[in-house]
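Heads up, the chain below is alone and in the form predicted on its own; it's given as structure tokens.
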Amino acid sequence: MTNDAIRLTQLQDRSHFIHPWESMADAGKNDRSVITRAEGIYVYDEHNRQLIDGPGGMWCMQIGYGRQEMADAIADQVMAMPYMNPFALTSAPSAQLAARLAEKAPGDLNHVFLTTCGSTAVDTALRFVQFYNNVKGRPHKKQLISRADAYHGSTYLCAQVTGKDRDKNWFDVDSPNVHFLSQVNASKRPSGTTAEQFCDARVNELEQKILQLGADNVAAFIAEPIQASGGVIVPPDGYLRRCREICRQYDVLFIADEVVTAFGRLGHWFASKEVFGIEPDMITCAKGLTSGYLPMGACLISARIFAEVSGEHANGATFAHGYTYSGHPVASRAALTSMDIIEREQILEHVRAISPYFQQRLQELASIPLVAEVRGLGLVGCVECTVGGAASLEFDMDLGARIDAHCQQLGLMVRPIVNKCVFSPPLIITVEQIDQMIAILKQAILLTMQDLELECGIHIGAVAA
């Protein structure tokens, strides 16, 4: 891009483009990097600087950028039929995608509602829960249970079950029908408590909450297998499986929010059964469904619960829910093509093979004094940084921004969630590229330590040899 083109783009961006999670105090002041092209695991900014895409877009870039096969499939579908009315018609790509997702899903999740993104997928699941209990003559069974640090989306129902307070403070989304359990990060358990005891307590908390509310009143429990935007929180071993058993015992639907973990992030099409040993009543997914090439999501519903409110059990009801772009044929073709590439190139197998190395390299950063904790699973990870005695939200946000800025200067994009550097690189990443990514992150953290010592007078400590 020419300098004039860069300035014009940034002016238009500042003046007109409201970004997600816009800091209103800074609105109209940010000169954001302009990404001009991308290839493989790399993106290129307005100065043609190559950057490793550490967060994989927004947890979604599975097969890598610049796939000609994807471009051809999308273009062919646009020319053949760019749109069909999903309320009255169908198309081959939409039907084929629904069938393929049903084939890959665990258990009997073989009914598929195609949506536009993860938020609309979760909204679909929550609305189906309401519909399900109303059709069954149980209008009182509407209480929902979620967890602290959960993130389930930005639309209204999703925001109600999101457990990240700072994402909700300025919106009226509190609901008397939604209840939150305690955080499940075992590393932050009380002193003297074993991981097993911590898991027991968190599982017991779910059961006690159901009993407190009354099982006849509790409709569903929603949980991400890994709490992604909450800071890559991996639950204790056995936690999800035991929660699933409690839900089944008390006739509470279990919704697994796999918007991040599906389509290979943990080395499988879906993580629920293969990684965590559960067969949910519903799964929501998006992001990696099309590898980020087009917007799309899906809500998968089990045959058991679908049968209870359809056919002779429909009670005259219509599931009056949908979107103009439900089952969009072009997005469906993109999803099918992405899945073809994942299968043909054995990307799931690659993820399972390379993930231990990725996690090992991340853990090496734990020796840096600024690093408080490293956690992750599969090809998703988090490096959390802090300074003892100086921690505050303002300080931690500045800390994350400093690391982010150094990373970008050195050739790496990270996603700072306050003081947490979050990674979910394209699934095609190689050993050599992981080494490059970790080397840049380490240097960026060390440079940030120097900043804090020189600018703030904070001595953090020496790095272990």
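Don't overthink the numbering: it's just position in the shown sequence, from 1. Because the structure is predicted, anything quoted here is derived from the model rather than measured.
The protein also exists as the form predicted in complex with a small molecule; that form is not presented, and the subsequent description refers to it.
> I need to confirm a contact call. Of 147, 152, 265, 328, which residue comes within 4.5 Å of the small molecule in the model of the complex, counting heavy atoms only?
Exactly one listed residue reaches within 4.5 Å, namely 152.
> Looking at 184, 259, 282, 383 here, can you tell me which has any non-hydrogen atom within 4.5 angstroms of the small molecule in the model of the complex?
For this set of options, the contacting one is 259.
> Based on heavy atom distances of at most 4.5 Å to the small molecule in the model of the complex, which listed stretch, 117-125, 367-375, 208-216, 305-313, is the contact stretch?
This holds for exactly one stretch, 117-125.
> Does residue 333 reach the small molecule in the model of the complex if we count a contact as any heavy atom within 4.5 Å?
Close contact is absent here: in the model of the complex, residue 333 is far from the small molecule, nothing within 4.5 Å, heavy atoms only.
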